[in-house]
Every structure is written in structure tokens, then in C-alpha cells.
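The chain below stands alone and is given in C-alpha cells; this is the form predicted alone.
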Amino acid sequence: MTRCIRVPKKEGERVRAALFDEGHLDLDAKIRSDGDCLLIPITCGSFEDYEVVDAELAVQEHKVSDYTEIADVPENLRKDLPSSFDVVGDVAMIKIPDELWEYRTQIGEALIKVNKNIRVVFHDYGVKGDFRIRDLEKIAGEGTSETVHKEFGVNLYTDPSKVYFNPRLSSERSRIAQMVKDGDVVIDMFAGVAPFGTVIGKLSHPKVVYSIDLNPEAEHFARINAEKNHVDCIVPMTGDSSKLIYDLPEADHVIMNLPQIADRFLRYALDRMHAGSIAHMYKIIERAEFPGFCEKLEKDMGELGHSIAIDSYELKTYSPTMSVYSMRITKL
């Protein structure tokens, strides 16, 4: 038998929320209907002026959603378990701190157990080199790091150990796709596996999307993504976008997803843009420095003969003092 309070149904949600907030809701039993009332299980002696009764209630099964609850590590180290990790398709990438390194397999297994969509877990040593690929070491699960990431009805084939791919920009890809008009020319200067191009090609009707990347593996996956998603407007290219861009027609949209140094390439993008064209640029920078950065960018481009207008918003926090900004740069 479980101690409950009998609550009129119209008051049920308020009372349930209040009990939960105060830590008095018995989470091991399910709330039951009883005529016009609800029987809500409690861990306290009584609550407000509601009638207290004993009743048979079904057991409430707990679904663990946080791997830190079940990871087999010493209690004194549980506080050091990483609170975040990246997932691309069915591949999870997590950074294991040194003090937990000997428990890396247990941590990986806990992630897989809690997250049924995860097949394999890698320790992430970070993004390295000009190709921006991740240095990965498998700690649990089966198979390689090659995977398929799904967003907005698009299947993106990728391998984070071979090519750059950011799963956290799905909303940005959809937002920009909605801005592309029928017949537009799009140039993606740092395309990776062509996630922007594939989503744009799937959701809009551009004339062509030139997807450029230094990494030959990126072109390989870009071609796979175009084929698998039945997108015929993507033209994958391998090489230096600051040079290849001059062989391309003027663009209506230029995508510049290289947030550490994309601004160094803006001059080349503007050379291949007409009045009204938009460069979608991302920048990681100290929040206090961002206004001055925009002013200097306008000044520097003006000295090169390009008049621009910048609209921006803070996309996400990067560190306690830095953020990633999404910049819409219109050529005037």
C-alpha cells in the first residue's frame, strides 16, 4: 500500500508540481485516477488539507537519462564526469579528463546504455590540423566512426575522424536554406562534407552550390551526400577557396563556416559577390571585442573597395568570455 492524497482532478497538476518542487512526490509509484479525483503518492505525512489515504498504486519505472547516474566510477570522482559530449549520427565523442582515464571504458559503456541511439563512443583529443578533423580513440561500442547524421529529412554521411562536421549547426543550415531563392548561386568556401549544400539543395531550389574544401575526403563525402539525398545542384571541389572562387560565377550567397579565421577570407568572397549578395560568416571571439571587430571589418573592407552592412547575433557560448557569432554580411 502507498500513502496518497486525494486531489480533485482540476487541482491535480498544481498539486503534483508543488509536491515535486518540495521533494514530497513519491516517484516510485504512479498517480492513479479515482472517480473525479487523483490519488497522488507522497513521501510526507500529509499535504495541505487534502485527505490522506492508503492505496494500491502501480510501480513507476525510472528511465535513467543521465549516464553519470550509472557510470561505474568511484564516488569521489563522479563530480569529474563530463557533463557534455557530441553526437554525430550514432557516434558519441567525449573528452575524458586525466583523473578518469582508467575508467574510460566504463564511461563509454554507460553512455551507450543510457542513449540507445549511440553505437560507439570515442575519446576526443580535439580538432587538429588544416583539415579540422578530430583525433579519436575508441573507448566503447562497435564499428568505426563513419556514420550517418540525420537532420530536416537529410541524411549526411560523414566520418569525424576524416572530415570536419559540426552537428550543432543544423538550425543554421535550415535558416540559410530558407533564405536561398530559386536559381540562386551559392558558394560554400569551407564546406566539409557539404551539409550546408545538401540541406540547401534539399529544402530550396538553387541553381548551383559550389562546395569547396581543402580536404580530399570532404569532396568524397560531399559526392556521397549529394547522391544519397538526390541533390543534383552540388559541385564539390577540392582546393584553396581563396583561389578557386575566382573561377566561379558571382554568388548570391557565400557560406563561411571557419569561425576561427573566416574573416581573413572575406575579401575574396566579396570579390565574387554582387550588390545585395550575402556572406554568412561565423566568428569565435571575446564578447567584449565583437563590436570593435565589426567596425574594423567594415573599415578594412571599405579600404578594399567593398561597402558592407553587418547584421549579427550570438549563436552560442564558446567559453566564459567568448561566443560564436553568426554574421550576415550584405554587400552594398
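Remember, predicted model here, so these are calculated numbers, not experimental data. Numbers for residues come from their place in the sequence shown, where the first is 1.
Keep in mind that the form predicted in complex with a small molecule is not shown, yet the notes after this line are about it.
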Going by a heavy atom distance of 4.5 Å, is Asn166 a contact of the small molecule in the model of the complex?
yes
Spell out, yes or no, whether the shortest heavy atom distance between Tyr157 and the small molecule in the model of the complex is within 4.5 Å.
no
Given that the small molecule is not shown alongside this chain, does Gly239 nevertheless sit within 4.5 Å of it in the model of the complex, heavy atom to heavy atom?
yes
I'd like to check something about Phe290: if you look in the model of the complex, is any of its heavy atoms closer than or equal to 4.5 Å to a heavy atom of the small molecule?
no
Counting only non-hydrogen atoms, choose the one of 84 to 92, 147 to 155, 69 to 77, 126 to 134 that falls within 4.5 Å of the small molecule in the model of the complex.
126 to 134
Could you spot which one of Val235, Ile224, Val114, Leu258 gets a heavy atom to within 4.5 Å of the small molecule in the model of the complex?
Leu258
With the small molecule left out of view, which of Val209, Ala191, Val199, Val121 would have a heavy atom within 4.5 Å of it in the model of the complex?
Ala191
